[in-house]
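Take a look at the structure tokens below, where one protein chain is shown in two forms, each on its own, as structure 1 and structure 2.
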Structure 1
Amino acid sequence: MSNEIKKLPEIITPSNKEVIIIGEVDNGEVKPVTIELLGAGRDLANKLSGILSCTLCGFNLGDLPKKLISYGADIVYVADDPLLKNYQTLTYRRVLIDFLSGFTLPPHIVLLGSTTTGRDLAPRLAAYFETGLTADCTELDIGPYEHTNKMDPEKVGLYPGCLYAIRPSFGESLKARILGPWKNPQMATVRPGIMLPLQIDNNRKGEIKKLSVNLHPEDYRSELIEVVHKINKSVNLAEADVIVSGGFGLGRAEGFELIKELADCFENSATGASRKVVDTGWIPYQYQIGQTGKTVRPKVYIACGISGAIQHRVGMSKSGLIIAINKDPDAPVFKFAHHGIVGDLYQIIPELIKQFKSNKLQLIKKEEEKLIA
């Protein structure tokens, strides 16, 4: 009797155990974050013993829905319509609200990428359905939650199968686990470049279903007039193997030329920047890496003249190999870089470029091979 545990009542909020990814298309291709979300979503759906589905809105989508099946979706819901050629808040909102309202039992989880599109759209959907939304997650999981807060007596209980939406908070010093099991769908946006996609499998079976597109006159209150892809391939930060970033240590806007020159030495590379460089106006916002910029995960990240503030670090700390060049040996960047050179970037970078172009490297390599042999 004495060690009797008071069991909380188990509360299961109605859902159809479906995990839905809101997919994105860009320039005729599925965005990488959608494929990543399918990887993460597959895991969640398995843990729930549920199904994984994905929506895709756009025009002339061709084989893209099939591709989503190969990457893990059980069902792909497609709205292929000239009116949806480009993302606009109100038109996409309408199609998705109609779709999500059509379930007898609401889906359990809805996930979007925390791209400029996802972060524009997700809060509209969450507010419409008056459900919880966690921004910019870096980890997701499923698990139980015991709510004991007496301030909130109606909600006290044990909730199985909650979405754990995990995100950094206060810079990156804390990781917060955010839950909202009281209402489905439980929603989150997820940072691009973090979740691991599944291996593509063209034998995977799935269903493709059509979504109806019924736009209202008020959905046309905003229209896209022009898209400017002014940035060449070198801002494709999400897919680059090597990123060379410049910070305030460059001292002047022209310093960025040197950063570009170094990046140009690598195969599939891009350039990035710290916020201070962007704020100073040396380079456009699209290059910014960090908390308020892009999250990247290249194989090699070279930070030049960047102090390594926490807000910068959160955007690149998952990179495979982090190299820092900074003249201050106490710069915080050396706390998380794997290799660092202490010195003036205006000496180090030209030397790096020179070595890449010389054949000395090959000589060293050959010598090493000889030694091994």
Structure 2
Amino acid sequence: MSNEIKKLPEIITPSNKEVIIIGEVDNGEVKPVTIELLGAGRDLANKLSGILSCTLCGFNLGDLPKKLISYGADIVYVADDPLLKNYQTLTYRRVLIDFLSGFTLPPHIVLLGSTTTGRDLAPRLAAYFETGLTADCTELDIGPYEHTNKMDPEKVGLYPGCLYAIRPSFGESLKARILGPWKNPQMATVRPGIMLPLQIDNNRKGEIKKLSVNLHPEDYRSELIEVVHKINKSVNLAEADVIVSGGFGLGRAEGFELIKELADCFENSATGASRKVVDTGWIPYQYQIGQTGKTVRPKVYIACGISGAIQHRVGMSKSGLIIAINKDPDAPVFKFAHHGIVGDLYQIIPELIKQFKSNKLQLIKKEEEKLIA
């Protein structure tokens, strides 16, 4: 071989420049992570000068495929069948493997959410196609990769348009860029609440294609008995506009009563927590925000008694407005908070609650006066 680096165009060609989002439906609605992935996928597809598509499996999907087009998809592949009413590992695996195997060349990129469904399904698809998979990504990009290690001479060359799957590593202190250029599809799962969705455009045009459903006897090895939807508004962190979180600085479990009272001052609010208080047993795991908890993006995030360790920061740093309350002026949280209050939270939070409630009463009185007038 000459000293010139050879180009390996067979990895990505004009015929397989497709970014595919594996969509999710829950209780008759498209999951927010699917809309978020379409926003990220649109950027990748544009950099590839390729196509952004999305799959949707379920039953009685109605106008949901059109909604995905409004959020950026060029093509929506739909498998609408009574056998797919509820997610089951083997049935959904079969439909998606049949779909992806139908391409002349494997599509370049396949993305899923780091949800219960995505984490179950993604490794099964990757194993079938014997390709790589990066989990829990927080960033995605497209770029070239030049392989020069002559231990694998057949892999030496320039790989254009590789998926850069970026995720935190070493306790969130570093970012790892992970590539799998050797084989398509290049796959990744992405944390919910991280990527920005596109603005909805109901005039956007796209194509809806029907997928066939051909299940095998071995796809029925497991049986779904019941689907239980547990609704708890106080822990609906993903959709809350305002989140008030408590940390170890509360000093005691009873401090969360104050945190919840502050959260109740806002519409569509929720209570959150840091990992340390969850590990201590002050509050259940479903409230935890951070690397090993939930990733959120509320309009307002109020961190009370939270030091701001990077493990927590990764779960809430994309919030619209971050307000920190901490008695330690050197707490790391003040380095990334938009506004900070240094002091005893047991003095500050009651005063905030008092002011919020007072303002709310004044607004109610003004509305009543308008009605009387």
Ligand SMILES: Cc1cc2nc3c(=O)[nH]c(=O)nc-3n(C[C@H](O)[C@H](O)[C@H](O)COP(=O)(O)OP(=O)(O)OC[C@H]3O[C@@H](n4cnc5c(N)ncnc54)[C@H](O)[C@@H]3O)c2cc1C
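Quick caveat, the model's predicted, so the values are computed rather than measured. Here the rigid core means the biggest group of C-alpha atoms that line up within 1.5 Å when the two forms are laid on top of each other. All residue numbers here follow the sequence of structure 1, with the first residue given the number 1.
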| item | value |
| --- | --- |
| Form selected (criterion: the form predicted alone) | 2 |
| Is_shifted residue 94 between the two structures (CA, 2 Å cut-off, rigid core) | no |
| Residue 282 C-alpha relocation of at least 2 Å between the two structures, rigid core basis | yes |
| C-alpha of residue 299 off by 2 Å or more between the two structures on rigid core | yes |
| Rigid core fit between the two structures: Cα deviation of residue 258 in angstrom | 5.6 |
| Per-residue CA shift, residue 344 (Å; core superposed between the two structures) | 8.1 |
